[in-house]
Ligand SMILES: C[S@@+](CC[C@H](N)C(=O)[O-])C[C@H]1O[C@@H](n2cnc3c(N)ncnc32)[C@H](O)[C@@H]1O
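In structure tokens, one chain follows: the form predicted on its own.
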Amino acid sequence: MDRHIKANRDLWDEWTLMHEDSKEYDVEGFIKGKQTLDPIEVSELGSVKGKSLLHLQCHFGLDTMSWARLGADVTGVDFSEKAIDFARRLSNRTGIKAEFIHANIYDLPNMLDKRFDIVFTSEGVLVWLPDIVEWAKIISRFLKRGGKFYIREGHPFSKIFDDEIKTCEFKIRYPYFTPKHPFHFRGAETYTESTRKIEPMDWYEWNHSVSEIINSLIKAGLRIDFFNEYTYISSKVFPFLIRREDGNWTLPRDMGEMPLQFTLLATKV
């Protein structure tokens, strides 16, 4: 296994344990019936009742099982064994029917022989993928002809700026286009509050431009139905963002506007 992927997998195994009891994931709320999908996702993807849905990079499956609650026949995939184990336990505890597969998505074609009506993925996944062209091929591989791929993701443009700066200003820190080598990070915290502590760990990320994402999907045989951009996002990606009444985060009014997330729907032709 590539050392970058292995480091990231080990990180997500530890992050899973930190996320299980975090306020942000609110697992107990989910068990009681809470919906975890973003309203944009539900609105733009439309009814999933009676449809088969493959969720790539599903973590421990809250969104996966939320789609099941809306009537989809769901399969979730993640490279963290601890995340998949927890997803299966939650499925059993809630009685929500869902299949969960422990796999790096690049290995998935060797482990799963099925086509789906929908392939879904959501915020915070693309930076963990070194090869976006192969990612698009895998999406196409698992879609039925006429099937839909949907993604809601942080906007690549927003990822070029320093996300640790303390002042209310933008400072370019990272390249926009995919670098030759991944960005290296090291730390002992996750993006949620947690009582669990870990030793500092290494991880690696890759940025992918909008053109690379779209062109990879087109080359893989998908037709782009829409590409939408939004000035708000569900996570606080910069320390100076302000929270809206709906819980999303956006720039202070005096800083103007910029795209913080995008959504894309594509059809396999």
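Because the structure is predicted, anything quoted here is derived from the model rather than measured. In case it trips you up, residue 1 is the first one in the sequence shown, and so on.
Below: the form predicted together with this ligand, not depicted.
Quick one: of S158, T190, N104, T94, which gets a non-hydrogen atom within 4.5 angstroms of this ligand in the model of the complex? After the contact test, the surviving option is N104.
Just give me the single entry in I151, I138, L129, L112 that has a non-hydrogen atom within 4.5 angstroms of this ligand in the model of the complex. Of the listed residues, the single hit is L129.
Counting only non-hydrogen atoms, which stretch in 193 to 201, 77 to 85, 174 to 182, 143 to 151 is within 4.5 Å of this ligand in the model of the complex? So the stretch in question is 77 to 85.
Could you tell me if H59 has a non-hydrogen atom within 4.5 Å of this ligand in the model of the complex? Because a heavy atom of H59 falls inside 4.5 Å of this ligand in the model of the complex, the answer is yes.
Could you confirm whether E123 comes within 4.5 Å of this ligand in the model of the complex, counting heavy atoms only? Heavy-atom contact with this ligand at 4.5 Å: present for E123.
is_contact(W249, this ligand) in the model of the complex, heavy atom dist at most 4.5 Å: W249 lies outside the contact set for this ligand.
Is this ligand close enough to W12, Y25 and D63 in the model of the complex that each of the three has a heavy atom within 4.5 Å of it? Verified in the model of the complex; spot residues all in contact, yes.
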